[in-house]
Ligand code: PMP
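Below, in structure tokens: the form predicted on its own, a single chain.
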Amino acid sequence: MKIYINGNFFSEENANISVFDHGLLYGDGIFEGIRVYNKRVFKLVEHVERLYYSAKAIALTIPMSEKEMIEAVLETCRVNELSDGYIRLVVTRGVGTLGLGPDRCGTPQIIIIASNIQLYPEEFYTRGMKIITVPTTRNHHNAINPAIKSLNYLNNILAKIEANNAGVQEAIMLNSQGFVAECTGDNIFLVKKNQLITPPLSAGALYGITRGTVIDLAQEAGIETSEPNVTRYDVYNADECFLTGSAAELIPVIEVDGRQIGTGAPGPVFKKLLDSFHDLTKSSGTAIFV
């Protein structure tokens, strides 16, 4: 595997950054996770656009244009001969001092990794997965805005630890008001009486690329969608539940906090949207060829 760092490619063994990089010292940076299907990078323009939005939000100036970033991602896929897989695009604040001051950092570091990923066991996709609600609260908008995909993921990691300690691989995080925000790495959807429901972005949900794609697919299929505040009561009494994310894609949930969801099996709305999503990933209109 060849890793892209600041315009050059390095082997895994030689792909190094300074221990004084603020991405390492303080989680001071941003990232994107992007999928590749059949030599097509899915929603690459949207991912790069979101990367630059995150950069602006943390006052980080990326030393290349969006067009140049897109080409760098594509070239990394070409060099690694990646047909299907996962891209991790990272931009750090750069090398600085042991102090917090970002003004003492040098040029931001751009890192692109193109490899493979399988987030959950295959059986979860066919049978569904069990999840829980955890005590760790989703970041408040006035702390680290959940819209920013920052390298500081400790909030999510603490929730993931709680999930793992309970014997499950994913968990629902509530916001400071007690409403459902999202899961540790995925957005969450419910189906109730054939209506698709997902928490609003204002509740602390990430501006998920796959989330937005699923909403579009549902609307195209004539499925009514809404984004109200969601409580655990709503989750427990949903007819269906599923999660979405670039790495996870779409994955059904059959139990939350010991409560069976619907029939206890992946539901018809989920299956319909999953089929539509798979069709979309094969479409050249939603991706850029490697």
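So that there is no doubt, residue numbering starts at 1 and follows the sequence shown. Computed from a prediction, not measured in an experiment: that's the story for all the values here.
Missing here is the form predicted together with the ligand; even so, the following discussion is about that form.
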- Query: Quick one: which of 60-68, 45-53, 257-265, 226-234 gets within 4.5 Å of the ligand in the model of the complex, going by heavy atoms?
  - Reply: 45-53
- The one option of Lys192, Lys149, Lys130, Lys160 with any heavy atom within 4.5 Å of the ligand in the model of the complex is Lys149
- Heavy atom within 4.5 Å of the ligand in the model of the complex - the one residue of Gly208, Gly96, Pro108, Pro199 that qualifies: Gly208
- Would Thr92 show up as a contact with the ligand in the model of the complex if we use heavy atoms at 4.5 Å? no
- Message: Can you tell me if Gly185 lies within 4.5 angstroms of the ligand in the model of the complex, counting non-hydrogen atoms only?
- Response: yes
- 4.5 Å heavy atom contact, Gly29 and the ligand in the model of the complex: no
- Message: Quick check on Asn156: any heavy atom within 4.5 Å of the ligand in the model of the complex?
- Response: yes
- Residues within 4.5 Å of the ligand in the model of the complex, restricted to 236-267 and counted by heavy atom: Thr244, Gly245, Ser246
